[in-house]
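There is one chain below, alone, in structure tokens, taken in the form predicted on its own.
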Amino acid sequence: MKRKNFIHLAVAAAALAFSIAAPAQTYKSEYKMSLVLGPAYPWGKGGEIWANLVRERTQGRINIKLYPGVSLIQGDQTREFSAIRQGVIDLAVGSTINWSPQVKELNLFSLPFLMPDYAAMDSLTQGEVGKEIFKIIDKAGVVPLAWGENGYREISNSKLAIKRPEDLKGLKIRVVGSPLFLDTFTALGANPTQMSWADAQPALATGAVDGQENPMAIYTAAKLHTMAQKHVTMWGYVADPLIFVANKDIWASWTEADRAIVKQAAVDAGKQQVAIARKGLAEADRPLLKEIAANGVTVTQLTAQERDAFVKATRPVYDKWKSQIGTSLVTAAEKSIAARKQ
């Protein structure tokens, strides 16, 4: 009887050990994280922090390698979301702009002049609208885990200080591959030109394009003042939240405990990344702008009246895209922003 009990106990112990070890056998030795920009930029830094936190907190069970420059998809950032869904990419910190061709609701954040300040952006990503967006992304086949931030996109150019919509007339401005961006800049009289960020930098340096629009953290990290971008206008016309995500099959292959670790690490990394992206801009005196001006750059900050002229000029684009994105979602965003605490 004792021998029988011993055998039963041994079998049970072996089964328990196998059930604990089994999931680890299905784990890959390396998981691929796609990023548009590397750790020299706040965007890539967020991915690096996430990967490091996951490695530490899982004791190396989940090892993540960064692939910046969207190198897993030959540099085509607009294909990233589809590649995550298909399993070409395991994890990503991606842009709402780049993913908007596959998830139309993500165009919400690119509506011109929807979000006037950081409190407005936070009211969306951290509120009911953000939860609704995550449900939409999940339904589209990718697991959303946390919000990050690329920042408000400001405009720079090599020709003049932009203060009025008329100042953009005829300027060749590099934009991302989004129809909404084309509509916005066309409405302002510019000549919008779609190209990847990798192609944009030599185009700016040679004068093939006159200007670009990007968060100031990218402007400074890329040293765009050395690429003839001597005029910057702080107009805050759109902001670009980032989203930390995982491929659904990869997510399902991990234990529940490890999924919780990866998600919390994404939330923690996202908070750190937002702080990095806003450094020098969220403070009242905006010290980053002084650093930029010290490089011989003319930094223009619009008055409320000047900004309103841009709002009016792009309103037809806003109204057109409101119905395409989803009137109820945009209306919910407008209400959330109106009720925000500043």
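For every residue, the number given is its place in the sequence shown, counted from 1. Model, not experiment: these values are computed from the prediction.
FYI, the form predicted in complex with a small molecule isn't displayed, but the following is about it.
Checking Val54, Leu37, Met33, Val274 for any heavy atom within 4.5 Å of the small molecule in the predicted bound form turns up a single hit: Leu37. Of the candidates Ile218, Ala266, Met121, Ile162, Ile218 is the one whose heavy atoms come within 4.5 Å of the small molecule in the predicted bound form; the others do not. The stretch that touches the small molecule in the predicted bound form, counting heavy atoms within 4.5 Å, is 149 to 157, out of 110 to 118, 228 to 236, 82 to 90, 149 to 157. Among heavy atoms of Asp210, none comes within 4.5 Å of the small molecule in the predicted bound form.
With a 4.5 Å cutoff on heavy atoms, Gln77 counts as touching the small molecule in the predicted bound form.
The small molecule in the predicted bound form comes within 4.5 Å of a heavy atom belonging to Trp197. Within 4.5 Å of any heavy atom of the small molecule in the predicted bound form lies no heavy atom of Leu168.
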